[in-house]
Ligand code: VGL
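A single chain comes next, written as C-alpha cells; it is the form predicted on its own.
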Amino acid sequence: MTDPDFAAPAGKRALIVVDVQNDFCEGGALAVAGGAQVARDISAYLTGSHGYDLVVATRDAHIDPGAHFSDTPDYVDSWPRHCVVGTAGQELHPNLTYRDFDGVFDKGGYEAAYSGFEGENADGRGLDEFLAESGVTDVDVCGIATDYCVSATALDASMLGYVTTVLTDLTAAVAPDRLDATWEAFAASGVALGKSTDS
C-alpha cells in the first residue's frame, strides 16, 4: 500500500461506490443501461447496518481531459463530453440516496482517470492513502461501469494489496456482452466476483 512501513490493523472492510453519476445513468451524456437501477440497488444495500467500516465514493470530475473527450468518439478510448465539473451530469444520481460517505474522491480533471485510485478527496488525499491510514485491508467495489471504471478501480485495489471483490449485481456495464475479458482480467489479478447477497 502507500507506506510500506505502515502496519494496518487487519480486517477492516470498505465499500467503494464507483461513479454513480447522472451522466452515466439513463438520460445522461454517456448513459449506461441499468445505471439508475444500480444507483437504487446500492442505496438499498447500504440501508441499515451494512457491515462496512468505511464507505467511499468516486466521481469523474472532468475539466479538460484532452483526447478523452471527442466529437467523434470511438467509445473505447474517447467519449462524448461527460461529468464536467460544475454541470448536473457530474453530480451523484438522485437514486443514490445513501450519502453518508466517509470520503468522495474526484478524478480526471485533466486526464482520463478510469480508476478511483487516481482520485483525491477535498483534502487532497488519494484513495489508497485514505484507506490504508484507516486500516482497511479488504474492499468491495460496485458502481458504473463494470468494464471500465469499476474494473480499473478493482484491478488497482488488488495491485495495491487489498483483498478485492467486485459485487457484480451492483454494477452496470457499457458492453455486457463482452464482459468475459473483464472477468479474465479479474481472475488473473486475484479480484474475486461476488454479489451483495453474499455479504
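Residue positions are given as counts along the sequence shown, with the first one as 1. Values in this document were obtained by computation on a predicted structure and should not be read as measured data.
What follows is about the form predicted in complex with ligand VGL, which we do not show.
- At the 4.5 Å threshold, heavy atoms of Ile144 reach ligand VGL in the predicted bound form.
- In the predicted bound form, no heavy atom of Leu167 sits within 4.5 Å of ligand VGL.
- Within this chain, Ala157 is remote from the site of ligand VGL in the predicted bound form, having no heavy atom within 4.5 Å.
- Although the partner is absent from this view, Tyr148 contacts ligand VGL in the predicted bound form, with a non-hydrogen atom inside 4.5 angstroms.
- With the partner left out here, ligand VGL still marks one of 36-44, 158-166, 60-68, 129-137 in the predicted bound form; by a 4.5 Å heavy atom cut-off that stretch is 60-68.
- Annotation for 65-97: interface residues with ligand VGL in the predicted bound form are His68, Trp79, His82 [heavy atom within 4.5 Å].
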